[in-house]
Each structure stands twice: as C-alpha cells, then as structure tokens.
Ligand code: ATP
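Okay, so here's just one chain, in structure tokens, the form predicted alone.
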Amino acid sequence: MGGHKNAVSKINIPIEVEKIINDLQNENFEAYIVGGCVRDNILGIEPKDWDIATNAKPEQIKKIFAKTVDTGLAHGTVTVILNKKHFEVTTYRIDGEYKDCRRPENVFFTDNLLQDLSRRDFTMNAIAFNEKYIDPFNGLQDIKNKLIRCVRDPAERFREDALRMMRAIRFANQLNFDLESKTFAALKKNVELIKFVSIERIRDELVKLFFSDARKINLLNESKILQFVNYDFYKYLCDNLNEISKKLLRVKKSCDTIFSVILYKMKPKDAYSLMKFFRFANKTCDSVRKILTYLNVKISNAYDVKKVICAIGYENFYKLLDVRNALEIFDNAKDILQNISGDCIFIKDLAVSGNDIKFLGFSGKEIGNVLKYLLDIVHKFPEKNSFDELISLAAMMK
C-alpha cells in the first residue's frame, strides 16, 4: 500500500489486510480499512479487529478469495481467512428503515463509500483509510479534540439504534473523551429508548465500561439511562458511584471482582439477583455472591483462611482478597496462605472417606455431618489428619 506522507497516516497495517485490499483493487474494486481499527490506530491503540469495506458484492468477494466464511451475507459481510486469521470484508451499504430502535429492517448495497460512512454512529468511527484518510464528518479533528460526536443528527442516530447511547458513554470512559454537547443533549432526551435494547447487549456495554478506568463513569448518572434498564441499580449507582469509581481503579480486572466492588454495599442475595437480571453466566453470579458473603468475614489466622477457602474455593478466595484490597479491608491472608500449603482444606483431603465412616455404622446425612465435624477438627489441628486418629474421633460420635 505504499508509504504514508502524513504523520497521522502512519498506520501499521497487517500484511494480510494489505493483501486483501490489494487483491480487491486488482479486480478493480475499492477497498478501505474502516471504523474502529482506524480510530484505534490514530490513538496508538492496537486494534483487536481489522474491518475492510469495499464496493465488491459478497459473491464477488467470495470469488476473489480462496477461503471465506459466510458471516452475514444479508448485511454484506464475508469473513476472509488468511494465515489462519479472520478478517471481515463488508460491502458498502445503506441501512433501511429502523423499527425497533436496534437494527434496520433491511440493508441496501451501494457503490458509494460516503453513503456507507454516513450510516455509522460516531464521527471517530466514520473514517476510512487507504493511503489517505476519507473523513467526511471531521472524525480526525474530533479524535484530536477528544470528542465523541454523532454522525449528522444525533437524535436520529440514537432513535435508529438505542444501544448507541450506551456505546457513547462506554467510549467516553474507555478513551477519556467528552461527549459533544448536542450529542449528549440528544442522548439525555432519548434515554427511554434503551428499554428496546436486549439486556445482554446493555450488559456487554456495561462490562466494557467498567473494565476501563471509568474516568467518565458519572455519565451513567448524568444521563439517567439506567433508570430505564433497572431502577434499583440506577438508584444504587446514584448513591454510590463516586465512591465506587475510586475503588474500581484498585481492583484486578475480572467480571467477578469488578461487580463485587460495584455491588459491595448490597446484600449478597440482592447482588446475585441483579447479576441474574443482567444474565451473567451462572458461575459469575455465584462468584459475586460468594465474594460478597465473605467480604467482611474476619480472616486473621490459618483456621479462618481454611474455612473460607473450603466454603468458596481457591479461585474465589484469591478474588475475594483482590476485592478486599480494593475496598481497603486489609489482613494477612496471603501470608497465612503460604504457611498452610499442603494442609487439609476440603473433605476430599481427609484421611478418611465416606465409606470409612459408613463402616462404623453411620448412614445417610450422618455420614456428611461426621465428615464436616472431622474437617473442622483438622482445620484447627492439621496433625490430626491421619486414618487412625480420625476413625477414633468418628467412633466416639456413635
């Protein structure tokens, strides 16, 4: 693709992307990298994906490349596979009428790149590049000014796809950009439309938002958007968001730890219900509930550490420590943990089994109760974890 004269044009395009563009051009088609990968390059961020736009139709794209996947033919997208890497190549398109505030009823292919760019959400995402920038909406200047501005009429953009409102707030956090005044005014005026968006998509934007440094996190409250998603969560954040945002900066990033910090003032069962409302995976919901259940439990000696690990598992225990640290609940649990390596933690680590206890004449729930009793003794006195010792203690309970 040749050298780049403009300083801002020094985009380091992968060789596979260059080949796709060159192959399309050799067949007399236009081809540009577009959207997020252009924006991220300008910002010095390594793009996660490389998207290519072209005036070639899907069937023409498939003829040019040996290995393709029909990713979304109705929307003009074909995935081209080169060197085992996947790249989405999409035909220029115009969106049809939006009826559900989420996606167009249909799309129409076009040969006009400007028409394709004009349907995009924000000016910073409506830039194309091939040797030079195609920037009809001054996205380069908005990136320079750290400004999120809708393409053309912001109210229309948000009415077309209400998720764009959450994306605007998320991008403001991720990139530490401001929302342009007309864009934010239109967002606040249309926030109620967010109720037409699926909970899963809203959740995904919230996760991305909270995974960032959350520098503009207060936009969630200022926009009032979450009151139309979950009023209780909205009210909770209104009361606690400033405090939470500082604590989020100190936690190691995972869904479990982030939402444990966000929901740390909630009762574990209420936090669990909220996580279920946002349709997080069961494992994540359980993890947050367990972390919050033991958040303020005293951990000051080996016995405490063993009891907590036994209750929630090692993985959740480490996450619990991360959350406690973020909330400035300090203890010496990590030091203790190093000193109990090899000690019995779980029932399966006991020197006796359920069958051994059954042989003594116990049955049903009695067997489990005996094993729990023995485990508690071994937690306190690790040296007692021997077959003879535990059988003797169990026999005394008969």
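One rule holds for the numbers: they count along the sequence shown, beginning at 1. Just so you know, these numbers come straight off a predicted model, no measurement behind them.
The following text describes the form predicted together with the ligand, which does not appear among the structures shown.
*Partner proximity in the predicted complex: Lys269 to the ligand, non-hydrogen atom cutoff 4.5 Å*: Contact with the ligand, no.
*Consider Pro58 of the chain shown here, and say whether it contacts the ligand in the predicted complex, taking contact as heavy atoms within 4.5 Å.*
Judged by the heavy-atom cut-off of 4.5 Å, Pro58 is well away from the ligand in the predicted complex.
*4.5 Å heavy atom contact, Lys348 to the ligand in the predicted complex*: It does not: once the ligand is placed as it appears in the predicted complex, Lys348 has no heavy atom within 4.5 Å of it.
*Any chance Lys195 has a heavy atom within 4.5 Å of the ligand in the predicted complex?*
No.
*Tell me the stretch among 62-70, 360-368, 40-48, 328-336 that has any heavy atom within 4.5 angstroms of the ligand in the predicted complex.*
Result for this chain: 40-48.
_Triple contact flag Lys247, Lys319 and Arg324 to the ligand in the predicted complex, non-hydrogen atom at 4.5 angstroms_ = No residue of the spot touches the ligand in the predicted complex.
*Proximity to the ligand in the predicted complex, single hit among Arg170, Arg149, Arg289, Lys306 (heavy atom within 4.5 Å)*: Here the answer is residue option Arg170.
_Contact residue in the predicted complex, chosen from His75, Arg159, Arg120, Arg203 - any heavy atom within 4.5 Å of the ligand_ = Looking at the other structure, the residue within range turns out to be Arg120.
*Would you mind checking 25-39 for residues with a heavy atom within 4.5 Å of the ligand in the predicted complex?*
Going through 25-39 in order - heavy atoms within 4.5 Å of the ligand in the predicted complex - the hits are Gly35, Gly36, Arg39.
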